[in-house]
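Read the single chain below, which is given as C-alpha cells and is the form predicted on its own.
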C-alpha cells in the first residue's frame, strides 16, 4: 500500500503538491470513490485510480530502449553536457530513471534506461554472462590473428568473440562492461576504434527503426530476454 500522492508522483502524473491540489478539487478517485486526503493509501497495481476522469496505467518500473547518439553522456544528469535522460520528453521522465550501463560519449547504439535497479545489476554482473554485441570500425586491417587474440582474452579482459565483416569492420561480443573495454581490446592488437555502436544486450537487438536519439518501451518478452545468457555472432 502506498500514499496516493506518492503513487501519482512515481508515475510522473503529478508532484506531491500538485496531487494535493487535485485532491482538493476532487479530481482523483480510486475504485470509483473520491479521494479526500493525500495520505490515503492504496494498492497501485490492483486498485483503479482515476485522475480527472482518466484511468491511469500504473507501471512499477519502466524499461526504455534508446538509440543513443554520439556526443550524449550515459548519465542521469550532468551540469555541462546533455545526457540520455535529457533526450526523454518530460512526460517520460520519472524519479529514479538511470542508464543501465554506460556507453562512451562518442559511442552510439542500444542503451537501456530504467528505474529497476535489481534488473540492471543482474544485467551488468559479469558472472551472469549477459552478452553485449558491438559493431566496431578500426584504423587497421583486421586479421584472424586478432580474432584469436580476442578469443584468448586480452590483458585483464575475459575472452570475447570477434567476427570480421570487412578489413576494417568487425562485430565484437563481450559479457563484461569495463571502462572503454572494446576500445582497449582493439588497442592491444594495434588498432584504434574510429566508430563504435552497441547492437544488442542479452537477447534483445536494437530496434533499427529507431533513429539516433529516439526510443521506445520494451515489450514484456524483451524485458525477460535482457537477461538471456545465449550468445553467438
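Keep in mind that what you see is a predicted model, and the values were worked out from it rather than measured. Positions refer to the first chain, counted from 1.
Beyond what is shown, the protein has a form predicted in complex with uracil; the following relates to that form.
- In the predicted bound form, uracil sits beyond 4.5 Å of every heavy atom of residue 114.
- Contact annotation for residue 150: none of its heavy atoms lies within 4.5 Å of uracil in the predicted bound form.
- Uracil is not drawn, but in the predicted bound form it has no heavy atom within 4.5 Å of residue 200.
- Interface membership of residue 86, defined by any non-hydrogen atom within 4.5 Å of uracil in the predicted bound form, is ruled out.
- With the partner omitted from this view, the residue of 59, 180, 41, 27 that lies near uracil in the predicted bound form is 180 [heavy atom within 4.5 Å].
- Judged against uracil in the predicted bound form with a 4.5 angstroms heavy atom cut-off, the residues 104, 107 and 134 are in contact without exception.
- The chain is drawn here without uracil; in the predicted bound form, the stretch among 182-190, 47-55, 201-209, 29-37 whose residues come within 4.5 Å of it by any heavy atom is 182-190.
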